[in-house]
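Single chain ahead, written as structure tokens, the form predicted alone.
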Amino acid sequence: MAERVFITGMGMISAIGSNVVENLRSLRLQQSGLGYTRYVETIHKETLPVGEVKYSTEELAHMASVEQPGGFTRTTLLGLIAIREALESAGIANAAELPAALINASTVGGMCDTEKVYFDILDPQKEGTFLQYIDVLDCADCTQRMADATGIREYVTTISTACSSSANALMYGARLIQQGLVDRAVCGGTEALTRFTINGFNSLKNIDKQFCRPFDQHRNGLNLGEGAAYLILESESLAKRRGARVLAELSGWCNTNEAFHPTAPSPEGDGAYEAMKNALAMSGRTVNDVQYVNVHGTATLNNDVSEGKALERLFGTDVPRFSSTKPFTGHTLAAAAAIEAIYAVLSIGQQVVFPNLNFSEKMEELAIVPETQLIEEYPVQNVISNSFGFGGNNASLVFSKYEG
């Protein structure tokens, strides 16, 4: 019989806090982290809102205890801060104490620093410290540096499936545990804001110049964000053997690909529907067992229609409370699914449903509306967390209250 997969630790940094406690506090206070960038040199600096972590790269190096930050990108430093909190949260002083996996996600790796020296790199006559940033463009560079820093060596890999990247990292880690290849997997993702991604999404006309409005009739696109989040997954047998505190169970998961369009989902939500349905079936729960859905909810014209229709197809007229937390953090791309996985676990642990900020009017294509109020003391037993990416990469995770 396959092992159950438990979450025993979490760590994160985002625009609304530099750790899990600060994130939860901001969610409860309904304080968004959206604003204008201080650290990205872009012509859109004063026009396009972003969810930026409130620390300079030098300050992040200090927080990550990196004494010689040469070659350590903002992406890597965000990841190191989050992964160390996750390990500490799980009571793991030495991550190398037993064979473990590190499954890390990123979409553009160290692009945040490489793009600053791009023209220097192109000049073969130039020499200087900028050369140490050539290799960091590889998404695996930040993964390897985190593996070196934590001592995890048994199984280390990088996943890049656009906005569902860290959901797939969590799935992969859980599968390794279920198959008995490792007893512990550290899974998540890290992403830093870059001119490349800001210009790219702006070219696709997917960025709103106002703060994003998921599932709103007047939504006009997303706001990009940055951050990192990691969850410690452990087999039931390991968690019990070492007396670990279990925060929740990762009870179901599924990824699908409807191959509809490179940058747009199926209008009827085919991929999202299949991902949610199969993840729920794997968890052994039914639609009646779900109290909250943390939706992908980017606030783009296409996504919210597609995801909303998928929710209505799956749940009928009894869609559970749902909300997008991206108006708090911005869309953090590869880190988004791990950040929202932690919010899902917090929803179960704290018995709370987080609000969908900036909503004002129901979408004409849907019969449902998101939850706009913070709801405390709500009996949350099971949460679906959705992440859907370019290329038809759809992923749904089911988190369940731990029943020992």
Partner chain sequence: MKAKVYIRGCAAISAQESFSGGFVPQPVTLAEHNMMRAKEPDYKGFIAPNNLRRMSRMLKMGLTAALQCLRNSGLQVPDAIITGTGKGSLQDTERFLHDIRQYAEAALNPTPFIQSTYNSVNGLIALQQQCTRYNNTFVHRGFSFEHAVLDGLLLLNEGNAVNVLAGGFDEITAEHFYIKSRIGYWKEQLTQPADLYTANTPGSIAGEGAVFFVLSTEPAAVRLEGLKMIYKPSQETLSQSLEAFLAQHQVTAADIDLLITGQSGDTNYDHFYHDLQSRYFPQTTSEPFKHLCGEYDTASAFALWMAVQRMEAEPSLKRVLIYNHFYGEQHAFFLLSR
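For clarity, every value in this text was computed on a predicted model and none was experimentally measured. Numbering follows the first chain given and starts at 1.
Separately, the form predicted in complex with its partner chain exists; it is not shown, and the next lines address it.
Q: Within 4.5 Å, heavy atoms only, which of A162, V319, A95, L280 is in contact with its partner chain in the predicted bound form?
A: Here the answer is residue option A162.
Q: Here the chain is shown alone; which of A248, I81, L176, I232 has a heavy atom within 4.5 Å of its partner chain in the predicted bound form?
A: Comparing distances to its partner chain in the predicted bound form, the residue within 4.5 Å is L176.
Q: Within a 4.5 Å heavy atom cut-off, is G200 in contact with its partner chain in the predicted bound form?
A: Although its partner chain is absent here, G200 would touch it in the predicted bound form, with heavy atoms inside 4.5 Å.
Q: Does its partner chain come within 4.5 Å of any heavy atom of R153 in the predicted bound form?
A: Because a heavy atom of R153 falls inside 4.5 Å of its partner chain in the predicted bound form, the answer is yes.
Q: Please tell me whether any heavy atom belonging to T107 falls inside 4.5 Å of a heavy atom of its partner chain, as the geometry stands in the predicted bound form.
A: So T107 counts as contacting its partner chain.
Q: Find out whether any non-hydrogen atom of S56 is located within 4.5 angstroms of its partner chain in the predicted bound form, and reply yes or no.
A: Residue-level check for S56: no, no contact with its partner chain.
Q: Which among 307 to 315, 324 to 332, 138 to 146, 294 to 302 is in contact with its partner chain in the predicted bound form, heavy atoms within 4.5 angstroms?
A: Partner-contacting stretch among the options: 138 to 146.
Q: Taking E41, N255 and N393 as a possible spot, do all three reach its partner chain in the predicted bound form with a heavy atom inside 4.5 Å?
A: So, yes: the whole triplet contacts its partner chain.
Q: Using the arrangement in the predicted bound form, list in sequence order the residues of 109 to 132 with any heavy atom within 4.5 angstroms of its partner chain.
A: Residues within 4.5 Å: M111, E115, Y118, F119, D120, I121, L122, D123, P124, K126, E127, F130, L131.
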